[in-house]
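Below you will find one chain, with nothing else, as structure tokens; this is the form predicted alone, and questions on how it binds or moves follow later.
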């Protein structure tokens, strides 16, 4: 009995140890959608005024996207101007089509003909920046680097290697609420600037509420309108970040079935077979849907920005 009891104790300890070292779907998903943790930034920088200026993965992705867009757009336009051709060709033709589409389909109907060229550059910049940030999050760049680091270079998951410092945290910067809040803050101040340019500073604030109403109504209406000023950027913040985060969580949750089934069944081949049979078709379908979401969310953010700016300019509408 004592021998059997000892064997049961060892078996239970082995199961507990295996469970601790087993696949943790929640931990993996959170790591892939969150920013780099404080103990694994890309570049350690000192704290200034209590703010940690270390470069995380999302900060690095913001820099890469900004540099990529600046170089591509600048080089394309300079090449076109150097050729001295009235009709663009190649990528410049696509870029011109995009600029005209944003201007004529999004900005012009909301802002009007007088200020359309004033606000098109801002709306176009927001659209391209959000679109590229969304799209690059679908490319498993750092996952591939992790596979190379582990199976080609032979470094473990916790090894202090250069590549391993890039693996912690997700790559979709627009899934970070701090990033989307910063973009929405630009829209918030653009609304104020647009109203001030069109009507003057004092008149813009007067236009928040309609004139000619009974004074008791203003007691309720003014706080509601002031609250609405902050609800607009808050809605932009939550909509973009939540949609980008939700799509990645859905894909990672489905792919986690492969490893979960592998642990549930004693046969690794059976577990992986069931996992791949169930997970892969669903993951491919959601990934295709994510491609649409990438474009739709960039379009919706810029469309609402144009609508809010137009509301500040065209008050009588």
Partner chain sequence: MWGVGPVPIVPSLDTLSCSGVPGAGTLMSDQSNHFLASSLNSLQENVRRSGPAAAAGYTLTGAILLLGGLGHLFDRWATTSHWGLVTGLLLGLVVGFYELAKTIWKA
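Remember, it's a predicted structure, so these values are computed and weren't measured experimentally. Positions refer to the first chain, counted from 1.
Although it is not shown, the form predicted together with the partner chain is what the next lines describe.
Although the partner is absent here, residue 113 lies within 4.5 Å of the partner chain in the predicted bound form, judged by heavy atoms.
Shown alone here, residue 144 lies farther than 4.5 Å from the partner chain in the predicted bound form, counting heavy atoms only. Residue contact with the partner chain in the predicted bound form: residue 97 places a heavy atom within 4.5 Å of it. For the chain shown alone, residue 90 is not a contact residue for the partner chain in the predicted bound form, no non-hydrogen atom being within 4.5 angstroms. Checking 235 to 243, 176 to 184, 80 to 88, 118 to 126 against the partner chain in the predicted bound form, the stretch whose residues place heavy atoms within 4.5 Å of it is 235 to 243. Residue-level contacts in the predicted bound form: of 72, 221, 135, 192, one residue has a heavy atom within 4.5 Å of the partner chain, and it is 221.
Note on contacts: among 148, 139, 227, 202, the single residue with a heavy atom within 4.5 Å of the partner chain in the predicted bound form is 227.
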